[in-house]
Structures are given as C-alpha cells and as structure tokens.
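What follows is a single chain, given as structure tokens, in the form predicted on its own.
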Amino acid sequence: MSEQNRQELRQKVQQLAHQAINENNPTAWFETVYQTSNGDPNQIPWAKLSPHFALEMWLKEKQISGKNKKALVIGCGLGDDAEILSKVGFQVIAFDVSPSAIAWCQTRFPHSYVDYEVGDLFAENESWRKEFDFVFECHTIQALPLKVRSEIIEKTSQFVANNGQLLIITRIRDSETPPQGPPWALSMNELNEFEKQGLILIEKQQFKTKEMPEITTLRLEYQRKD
C-alpha cells in the first residue's frame, strides 16, 4: 500500500470515529471499518495478520504456560493475539464489538480452540468479573476517546482474577493535553488509574519501531493483589 493510500485510510478511520463519537456511540465505527473492508486486511489499519511482537516477546521472555488458566482478549480484531495465547495453553475467550471481525476470525481459524464472541466493553458482564487469570488489551483503550477512558480502565481491570495478570500494549503520550486521534495515546496519569483499581504494576517496557520511530509504545504488566 502506498503512503498516499495509508493516509487516505487514516483519514477515513478518523472521520468514522469522530462521527461515532458525535452520535454518542464511540465504538460504532469499528464495525463500519471491518464491514466496508470487503475482506481485505489492508483496509484495517491495525491488522498485521500476526501476533503483536511485544506479546510474543513477553510470552517467550516469561516462558508462559497457560495450562489450566483462563485468558480474555479485549478487542480481538482478526484473532492473531488470541491464537498465540491458545497455543501456549490458555483457555481463551476473545471478543470484539464488531460482528464482522468475529466472523472473520472464525473463517480464518475454523479449527480454533478460542471462543470468539461479539461483545461490548461498555456492557455489564458480571459472569466475567474477576474471572480471568490473564487479560490482554492491545490498542483498544487508545482507540476510544478520553471522555470514556476512566470507565474503560475500570471495566478492563474488573476482568482480572485475584493474583491474575493484565498485559497492556498502548501508545503513550508525555502530556496531559488531549491528543488528536484516533488513536488517542494514553498518558501516565491515565495508566495510573489501573493501580486505583487494585492492580499493581509489575513491569513496564518501552518500544519504538523502525517503521514509526516517532511513536513510543509501552507494554505494561499488572497483577491483582487483593
């Protein structure tokens, strides 16, 4: 894809996101992006068709085994992160607000052990409260506007079981000034809200890529110690 096409795609996504926000439905644009892609992953700006490199590194560094453990993937997209967690032994539930994304996952991985579900992070789901040994959130919070950030951080935290882990991958900004987006990179003050939800920051790693050296990405590992 040419740089011009990438720029046009970014502009399209931003327009859809702001329209959804103005209509007080900040997640509605995800389904539009997946549905209008006509099965072309190049039309999904965040689709890499492979697990996030920072998740792969974490699994390898920590020699993670998910045997007899339950994992939840928030905003699973096209399913690659969920699949690698399944391969290391987790019993995985992966959800996305977009029915088209979930149908795409099921087509890509027809023999998967992952339970792919349509779900909304804003919805109440008491059966998932403190239910998961491992929760993974990658670039979902940053795709939602600042006015709902505290609510999303609270809901994300509530999924983590006692002694369970939360792994977050997100862009980070060094100012409290509201950024242009999407995505809307998180500030450290926003990330500190996870600790107010009963989670302890265990490890923080910073990454930059050759493709986007101006962007700082953080991988944060939290644990619930209730």
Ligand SMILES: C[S@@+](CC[C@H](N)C(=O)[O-])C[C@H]1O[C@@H](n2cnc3c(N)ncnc32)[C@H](O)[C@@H]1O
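Just count from 1 along the sequence shown to find any residue number. The model shown is predicted, which means the values in this text are computed figures rather than measured ones.
From this point on, the text means the form predicted together with the named molecule, which you will not see here.
query: Just one of Ile153, Cys105, Val114, Leu121 has a heavy atom within 4.5 Å of the named molecule in the predicted complex. Which one?
result: If I apply the 4.5 Å criterion carefully, the residue I get is Leu121.
message: Residue-level question: is Ile93 within 4.5 Å of the named molecule in the predicted complex, judged on heavy atoms?
response: Because no heavy atom of Ile93 falls inside 4.5 Å of the named molecule in the predicted complex, the answer is no.
task: Flag Ala143 as yes or no: does it have a non-hydrogen atom within 4.5 angstroms of any non-hydrogen atom of the named molecule in the predicted complex?
output: Yes.
task: Answer with yes or no whether Ser86 is in contact with the named molecule in the predicted complex, where contact means some heavy atom within 4.5 Å.
output: Judged by the heavy-atom cut-off of 4.5 Å, Ser86 is well away from the named molecule in the predicted complex.
- prompt: Might Arg171 be said to contact the named molecule in the predicted complex, defining contact as any heavy atom within 4.5 Å?
  reply: No, no contact at 4.5 Å.
field: in the predicted complex, segment of 185 to 193, 171 to 179, 29 to 37, 55 to 63 with a heavy atom within 4.5 Å of the named molecule
entry: Within 4.5 Å of the partner lies stretch 29 to 37.
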